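The chain below stands alone and is given in structure tokens; this is the form predicted on its own.
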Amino acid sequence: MFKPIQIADKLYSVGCRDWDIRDFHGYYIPEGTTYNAFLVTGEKNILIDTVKSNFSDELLSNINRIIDPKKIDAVISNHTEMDHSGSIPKIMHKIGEDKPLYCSKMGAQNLKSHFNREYNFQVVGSGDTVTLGNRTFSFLETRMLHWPDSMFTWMPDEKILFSSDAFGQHYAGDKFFDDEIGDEIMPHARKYYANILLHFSPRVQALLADVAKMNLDIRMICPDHGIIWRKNPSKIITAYDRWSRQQPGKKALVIFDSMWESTTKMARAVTSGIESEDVGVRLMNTRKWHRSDIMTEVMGAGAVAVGSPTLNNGIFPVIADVLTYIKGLRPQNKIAAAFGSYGWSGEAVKILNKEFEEMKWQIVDGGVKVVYVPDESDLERCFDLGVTLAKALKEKLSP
């Protein structure tokens, strides 16, 4: 539990830290996470978002340090995923179920489905503005960032944006603002984007264009996870613009798994071939690295080599798991190559190439497959595969 944090005049962060959570929909979060909620006080008291249901008592306790929760006049729900809406039933029961609950049209439908309740839904859409006491709130729907109900809430007088799941990070440390933690937060923000929002990059680009047209002078961004951007909110906006463009970098990634170390030897040779062309490279064993960490590296790589032994006429299970996860996030603008060892059938390379085709990655070589243990000539072919991949990447990046 932590006490409420005042982040602006009569505005408080009243959310909760989840120190123990480590898995978030298959995404590894070793630093835990926060469920941020915000209390705006004044002539009217407004709660923006809630927290996961098992933290509802903590949320109420935080609010009670500022005002009696019964004095909350309205709730705004930017996003109905249960880590942000789970405490709505308890909050509404406490404050009075007849009080207004502002949300998008799809948000109202979701909340009805989640809780089987007919609250006093006040449906808002992009461009709508409401005045509650001495505060003005405007709304911008951000459909499929990353749910169809998602929206932003903007306080124009204070120039504060409540951005729901956008611009967040899974981080539950002892720092609460960007100027307190500095660049240390950016790897968390990058991983968050790669594993939650990359799939929606075209929509991110469209959203950033819309925000630019609105000419908002954003002084502070308050996301629903992680730190608050109060000193330099443009830093995370610029990063989202860069990440959502999915422009390939001069970096390659070699992803592999192995049964008896034959594919390991091949992976190391491919890596050496890439390095010989002065291209940055990272070698990642799928049983040593979590899929979400691999995905984060995929986002920044321009080239990806994947190696798998053949098992039961297919690819290795952990490789299949990682590729399924990667495919769902739809990374674009990659070039690719496959390699692998086998005993008597050897389908793995063919299957990997099919996976690349489905992801619309450019295959630069048919791939290298080796029967059982690679000899020197086999490893030379793997080295050459790395060279081919690196040269193709440099050509792709050349003006």
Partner chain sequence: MDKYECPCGYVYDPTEGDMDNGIEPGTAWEDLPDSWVCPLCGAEQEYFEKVE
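Predicted, not measured: the structure shown is a model, and the values here were computed from it. Residue numbers count along the first chain shown, from 1.
Below: the form predicted together with its partner chain, not depicted.
J.: Just to be sure I understand the contacts: of Arg268, Arg219, His114, Arg203, which is the one whose heavy atoms reach within 4.5 angstroms of its partner chain in the predicted bound form?
T.: If I apply the 4.5 Å criterion carefully, the residue I get is Arg203.
J.: Of these, Ala239, Ile181, Met82, Met144, which has a heavy atom no more than 4.5 Å from its partner chain in the predicted bound form?
T.: Contact residue from the list: Met144.
J.: Taking any heavy atom pair closer than or equal to 4.5 Å as contact, tell me whether Val211 reaches its partner chain in the predicted bound form.
T.: Looking in the predicted bound form, residue contacts with its partner chain do not include Val211, since no heavy atom lies within 4.5 Å.
J.: Can Lys105 be called a contact residue for its partner chain in the predicted bound form at 4.5 Å between heavy atoms?
T.: Yes, Lys105 is a contact residue.
J.: Although the partner isn't part of this model, could you tell me whether Arg330 comes within 4.5 Å of its partner chain in the predicted bound form, counting any heavy atom of the residue?
T.: Judged by the heavy-atom cut-off of 4.5 Å, Arg330 is in contact with its partner chain in the predicted bound form.
J.: Pro89 versus its partner chain, in the predicted bound form: is there a non-hydrogen atom within 4.5 Å?
T.: It does not: once its partner chain is placed as it appears in the predicted bound form, Pro89 has no heavy atom within 4.5 Å of it.
J.: In the predicted bound form, which of the stretches 151-159, 136-144, 271-279, 166-174 has residues with heavy atoms within 4.5 Å of its partner chain?
T.: One stretch meets the cut-off, namely 136-144.
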